[in-house]
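Shown next as structure tokens: one chain only, the form predicted on its own.
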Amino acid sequence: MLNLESNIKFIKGVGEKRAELFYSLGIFDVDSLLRFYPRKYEDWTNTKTVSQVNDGDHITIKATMITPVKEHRIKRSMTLYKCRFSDGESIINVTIFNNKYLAQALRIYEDYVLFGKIDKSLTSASMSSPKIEKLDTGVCIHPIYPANGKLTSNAIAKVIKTALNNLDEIPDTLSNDIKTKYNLISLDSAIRQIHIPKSEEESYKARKRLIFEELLTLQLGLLKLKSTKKDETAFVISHDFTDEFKKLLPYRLTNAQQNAIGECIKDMQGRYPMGRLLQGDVGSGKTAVAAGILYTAIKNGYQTALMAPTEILAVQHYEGLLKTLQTTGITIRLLTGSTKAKEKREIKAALIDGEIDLLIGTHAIIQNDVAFSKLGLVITDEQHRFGVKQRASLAEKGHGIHTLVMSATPIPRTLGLILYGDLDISILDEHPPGRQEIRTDVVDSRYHGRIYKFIKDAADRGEQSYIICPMVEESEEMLHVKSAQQLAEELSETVFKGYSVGLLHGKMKPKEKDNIMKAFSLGDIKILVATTVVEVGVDVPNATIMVIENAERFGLSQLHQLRGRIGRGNKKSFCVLVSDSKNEASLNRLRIMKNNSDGFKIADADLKARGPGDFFGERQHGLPKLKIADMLEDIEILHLAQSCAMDILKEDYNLNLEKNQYLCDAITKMFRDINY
């Protein structure tokens, strides 16, 4: 008998050599084999005769083989095998391509099931390369697995069946109470029925149980991550200085900004360190919220740090906060890769001595030799640009310190708990008054002449423009798509001759990129041709036009982020999406951009269009990979799993009860490769 830990090579029919093929699919033991779920099913239970079907139908036919197989070698790499079957009424001519194993296995006068497309005329019927199984095992629902070249779906199915036949009952991960409350079948039944369902209803019940378990395990794991940060903090905020901070501002905070500051201060007044995500659309005023929280933390006697993904964004934060806090006596320093060695030494010494209240910088501030005297609060801007390890490195500069991460990438509200399950969430869903509405238009390339005149007129008025391209360099695969380099050269020599045209892309060295962005923000460059590297960038209030070439090649959320680079001043701004696509789905996505300025609505539409895998970018966010659940399709089950997770942790926070032991093991397994 096998157990879940048995190596795949010990299953009958596998062995050492074939095991290597399973290893390439991430299957190493019986457990990972059984968790390798079918991607779809083929229902072979509804059998018909030739007389009951039409030409071109995909059908299942019970038939007897009535002639031996004849081999026809067409050329060196192609062999055809031909034979005939009868369904009792009609003759079916069957052709098998290059499958010697199947041809040799067929026996004359034996009964089979044929599954495939039928080609039918008044006088004959034929099938090319149908799937063929023996009658006693073929009339069933067949699972179809993701396969590779040498390991077919059929071969995987046979090995799984063998494993299930040699496995005792699989222990359950869920208690009887949970199974009863949520109407779930046992894990043993679910595993057997997902691979060998007798009906559509059986496969549905199996999927529901396995999806629930996977989402519950994920949610518990993320909530447990939050609990690991529950060591009491030494940096308790005793007094809220928000009212004092508001007097420093030349404008009024929105209600959403005030609520977010209040939520953060309340967290920092508690016994445990704050772990919060500040999520806001482009232009919603996250920086002002960060400033308010930093101010209160500093006034309570703690050092603070703000980390940005690029040097130019770090400089922007530094200059902005220096201006806001200039009358307060707060000491602010900037530390980036280009800070001179002597100044770096001075900053590091001042930090240890407690002479710096706020350190702003890039990843340079998480270097090992950067130490603080009394670091109480860390804020990470555009956090999705940092790896999980980088964010953790900054938090480790102190013990039990408060952490705020900021993101301008709206995540659909229903999925926020999954993606940021280890953080509490504050949402800025208002724009400060005076923020310009950006007019967005969708046009084709015939409009280029008018667009370029529009850009020149703006430049003559002293305004600036972005032109965004999907690629850095020319590509053979996309000959009709101009690269940023090609377009910048072409435009600077022709239509924009006499105007200052800049080029910015991700393959440039960091210093080179910073110099270009500085020149653009100072107004020295009037027209900036760039790739999506400007998606996260500095405020250039004078930039009023953005043209996005081949706009259909960008995701909706990315287009929205790019559009957020303009409309940051008091001048009317325009975004032009250029696309020659004839694909209606692509054009509909661009129309969503034209008609929507709400990043959250756009994020929902983007998720529906692209699916959660592309949307999240698992590697970037450090999410465990889901094997059966789909966060978009399974939202209802997700909500049930979230509710169940809360109930479990209320009763047994450390999962010490015997009934929760299997769940505890499942969490460990799911998160073992994720480095938080």
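Residues carry their position along the shown sequence, with the first being 1. Just so we're clear, the structure is a prediction, and the values are computed from it rather than from any experiment. Definition used throughout: the rigid core is the maximal C-alpha set that superposes within 1.5 Å between two forms.
The form predicted together with adenosine-5'-diphosphate is left out here; the points below concern that form.
Counting atoms of adenosine-5'-diphosphate, placed from its pose in the predicted bound form by superposing the C-alphas round the site, that lie within 2.4 Å of this form's backbone or C-beta atoms gives zero, so the site is open. Stretch 281-289 is the answer when you ask which of 140-148, 185-193, 281-289, 126-134 has residues with heavy atoms within 4.5 Å of adenosine-5'-diphosphate in the predicted bound form. This chain is drawn without adenosine-5'-diphosphate; in the predicted bound form, the residue among E346, E244, E490, D539 with a heavy atom within 4.5 Å of it is D539. For the candidate set S579, T254, T440, S597, a heavy atom within 4.5 Å of adenosine-5'-diphosphate in the predicted bound form is found for exactly one residue, namely T254. Although the partner is absent from this view, G449 stays clear of adenosine-5'-diphosphate in the predicted bound form, with no non-hydrogen atom inside 4.5 angstroms.
Looking at P433, you'd find a heavy atom of it within 4.5 angstroms of adenosine-5'-diphosphate in the predicted bound form.
Within this chain, R568 lines the site of adenosine-5'-diphosphate in the predicted bound form, having a heavy atom no more than 4.5 Å away. Taking 2 Å as the criterion, G320 counts as shifted between the shown form and the other one: its C-alpha moves by at least this amount when the rigid core is aligned. Annotation: Cα of H142 displaced by less than 2 Å between the shown form and the other one, core superposition.
Relative to the superposed core, R192 undergoes a C-alpha shift smaller than 2 Å between the shown form and the other one.
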